[in-house]
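Let's start with one chain on its own, the form predicted on its own, as structure tokens.
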Amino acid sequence: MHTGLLLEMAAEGLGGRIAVGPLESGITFANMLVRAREAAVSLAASPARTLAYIGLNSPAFSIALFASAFANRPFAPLNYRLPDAELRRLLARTAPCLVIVDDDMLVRAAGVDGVTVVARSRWLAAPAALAVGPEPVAADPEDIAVLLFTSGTTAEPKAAVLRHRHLTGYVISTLEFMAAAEDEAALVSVPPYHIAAVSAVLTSAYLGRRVVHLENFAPEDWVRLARRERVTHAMLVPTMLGRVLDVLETSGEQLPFLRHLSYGGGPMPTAAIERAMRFLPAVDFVNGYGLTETSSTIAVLTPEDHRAAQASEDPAIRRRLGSVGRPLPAIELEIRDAEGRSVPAGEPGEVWVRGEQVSGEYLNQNAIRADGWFSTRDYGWLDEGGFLFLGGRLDDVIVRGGENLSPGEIEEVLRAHPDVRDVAVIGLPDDEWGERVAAVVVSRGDRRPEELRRWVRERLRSTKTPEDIIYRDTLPYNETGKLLRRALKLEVAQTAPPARAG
């Protein structure tokens, strides 16, 4: 099936329910279906072969996602935070295309060959008025539904290909149709070019849940909108969740309607999720792990898992608060060594996955094996209960004297120290060991490098103890809360290293 059918099913079963927007004046599922079909007619009648989107979160994003499916045109939301030259290069790669652009960003997309620019306000007000034509032929499950460009921190961004069968496979295998109660509302605050935003729109339609868009994340605005729109479900990356909790603690406000909060997109320190569970005891927390190439979530730490780990006195079970949970029922997951052999529980290696939702494909490049297995390039291990722990990207693993060291494991220990506000562990070149462990620390005030080394040495071992402790006022993150580890490593490596530990 194609993704547009998810909206058709919702409109047929819950047509009068609000699909997107404010509780009092939002767009119903029935109305959204009409708008998406009208937009599809205009899109199919144009020379465009792609529907692109440049802008903030908006109901226009939701409608455009479904319109592209009805018109059988790939949908390509682009990163509006890119410099103009990079954004225009990506836009040119989607040509011939029609691009919906926020009104105050129009000049950034103008004049690109093969690109027709439409202001978001005009498109949202009257998409059918842009062109007329015959009813378009809807997409086939094998057709491309969404193109999401990678961050391109070390090379030209690649366009990840998600076909309709990948996205609908994920939705249908993990959710129950029309299972949402009438009062449920999901707050979407991740940017439109992130897989989590695409997933939120599709899953909410299938569930019959209202979507509320926050144009741009700021913790005060998030809290204000969540209260006003009676938000029951939300997703935040770990850095966003921490900032929301800071606002709640400072203001004394509560979130009386919030029932379910998922997090992902980066490592969640155990102390941080314990803080969140203490502050919001009535909320069900879910940790979701997934990639763009897997159509979103492939492993989940459920609310029951959170509570069991929090209540347990068994260190092995309690440690699971730092895991990303167990694979979804429709996902096969293995940990493999450098030779591609599956390793037993407790041994680290590369995470491999297989399942209907796994694409593993880029434009002009297929990264999935003939047997369906996909290499995530993530480093991790499984415990005896099948819970997955992640240690970072495989390229970020520190190889010291032939031993693989996980930055994530060392960071988790350092974050538990009262002096450490934030930390990133990286490998730096070393003539004797190949690489040495360095910790870039944002301090809470006191700067005591020898104390931090002692702290790690007592909890891990000497080979995992940072030889370099480097202090910074902040660490570099992108807008979705992902640590820019490679950029940090390059910046640190280009400066004179500090004195080595004795």
Partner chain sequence: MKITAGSRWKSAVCATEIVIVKAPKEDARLECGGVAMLAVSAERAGAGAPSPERRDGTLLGKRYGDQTAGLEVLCIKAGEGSLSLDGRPLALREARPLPSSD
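Numbering follows the first chain given and starts at 1. Owing to the predicted nature of the structure, the values given are computational and were not obtained by experimental measurement.
Omitted here: the form predicted in complex with its partner chain. The next part is about that form.
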In this chain shown alone, the residue from Gln365, Gln254, Thr116, Thr302 with a heavy atom within 4.5 Å of its partner chain in the predicted complex is Thr302
Of Arg120, Arg73, Arg320, Arg209, the only residue with a heavy atom within 4.5 Å of its partner chain in the predicted complex is Arg209
Using the partner position in the predicted complex, report whether Pro22 sits within 4.5 Å of its partner chain, counting heavy atoms only. no
Report yes if any heavy atom of Glu479 sits within 4.5 Å of a heavy atom of its partner chain in the predicted complex; otherwise report no. no
Thr294: touches its partner chain in the predicted complex, heavy atom cutoff 4.5 angstroms: no
Touches its partner chain in the predicted complex: Pro141 (any heavy atom, 4.5 Å): yes
Check, residue by residue, if Glu334, Phe389 and Asp395 all come within 4.5 Å of its partner chain in the predicted complex, counting heavy atoms only. no
For its partner chain in the predicted complex, the stretch among 214-222, 266-274, 405-413, 199-207 with residues bearing a heavy atom within 4.5 Å is 199-207
Partner contacts for 208-247, taking its partner chain in the predicted complex and a 4.5 Å heavy atom cut-off: Arg209, His233, Met235
